[in-house]
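The chain below stands alone and is given in structure tokens; this is the form predicted alone.
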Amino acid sequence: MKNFISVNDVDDMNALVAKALAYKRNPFADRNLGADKRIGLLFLNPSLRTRLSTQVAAKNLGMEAIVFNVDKEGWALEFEEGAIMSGNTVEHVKDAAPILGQYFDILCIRTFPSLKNREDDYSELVMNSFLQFAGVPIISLESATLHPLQSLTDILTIKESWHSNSLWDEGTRKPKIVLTWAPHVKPLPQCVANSFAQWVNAWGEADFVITHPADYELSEAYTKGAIITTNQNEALKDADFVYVKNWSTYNDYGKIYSNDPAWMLTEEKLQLTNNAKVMHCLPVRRNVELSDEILDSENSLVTKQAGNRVWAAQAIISEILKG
């Protein structure tokens, strides 16, 4: 593996998941793999789980991890080619990235969409600039359109949880996975929803349904292959896993058209499912996106899901180091 930006960088998803779960059983199996190597974590926006889990994963492999919050501690970076830098930006990525490539063996980038201009955000200018100029492997810690480490975590959490079900072992049926939109107090990007859809579709080992209010369609580039409906109750019927996530509008980009609290997942709605396990990438707005009764119930996988972020990151770092 040369870089980790999307599911397209993965040759064998099940093998990668198996590797992550092996690290969960034995975190220090490759404790010297990254000896005398450095991994740089550059954050252009805040992070909690992604930052800490990647640091822990790197440490488990013997790497030194250095975190740099570009948005708070560094110069404002320019990314436009041919820019006349007479405004707020101080340093061009063409100058910064090659230097960072000399400091680190692997460079991790966390950026965020503006939600103002879809063409700009979906061009992935920031991530592509580091890919072009850094000269070392790049790991996405979330980009303007995707969150691949989260999605790898989600797949391994689903496989880990479903594996105890005898139906999985016998191969008599696939799990039904539902991605459902949830209300939120502000517009959020499509990154997690895009990425989850991309990974589940690429995995191909589940019946996959996406449900959202009218006008909240995601890009077909990520959802093709899923069943899509605006009837949440219909979507939830007989679900084995329900992934709850808010996202803003894609077509009329970055807007909130509806914030209907009726879309919040509750215990009553969960009765429509096959006693489904509930997932969320966190942070979560309690009693807005998800009710307390769900989050604090035995159906909630959010704590296990967040814990698994370490093993997903460790598997990716290991693949790049070995590659």
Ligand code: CP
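What you are looking at is a predicted structure, and each value in this text was computed from that prediction instead of being measured. All residue numbers refer to positions in the sequence shown, first residue = 1.
Below, we turn to the form predicted in complex with phosphoric acid mono(formamide)ester, even though it does not appear here.
Check your understanding: Check 159, 174 and 277: does every one of them have a heavy atom within 4.5 Å of phosphoric acid mono(formamide)ester in the predicted bound form?
Key -> No, none of 159, 174 and 277 comes within 4.5 Å of phosphoric acid mono(formamide)ester in the predicted bound form.
Review point. Hey, of 219-227, 181-189, 140-148, 74-82, which bit sits against phosphoric acid mono(formamide)ester in the predicted bound form at 4.5 Å between non-hydrogen atoms?
Key: Only one stretch qualifies here: 140-148.
Review point. Taking heavy atoms only, is residue 48 within 4.5 angstroms of phosphoric acid mono(formamide)ester in the predicted bound form?
Key: Heavy-atom contact with phosphoric acid mono(formamide)ester at 4.5 Å: present for residue 48.
Review point. In the predicted bound form, does residue 110 have a heavy atom within 4.5 Å of phosphoric acid mono(formamide)ester?
Key: Because a heavy atom of residue 110 falls inside 4.5 Å of phosphoric acid mono(formamide)ester in the predicted bound form, the answer is yes.
Check your understanding: Heavy atoms within 4.5 Å of phosphoric acid mono(formamide)ester in the predicted bound form: does residue 281 have any?
Key -> Heavy-atom contact with phosphoric acid mono(formamide)ester at 4.5 Å: present for residue 281.
Review point. What residues of 56-82, in sequence order, lie within 4.5 Å of phosphoric acid mono(formamide)ester in the predicted bound form by heavy atom?
Key: None of them.
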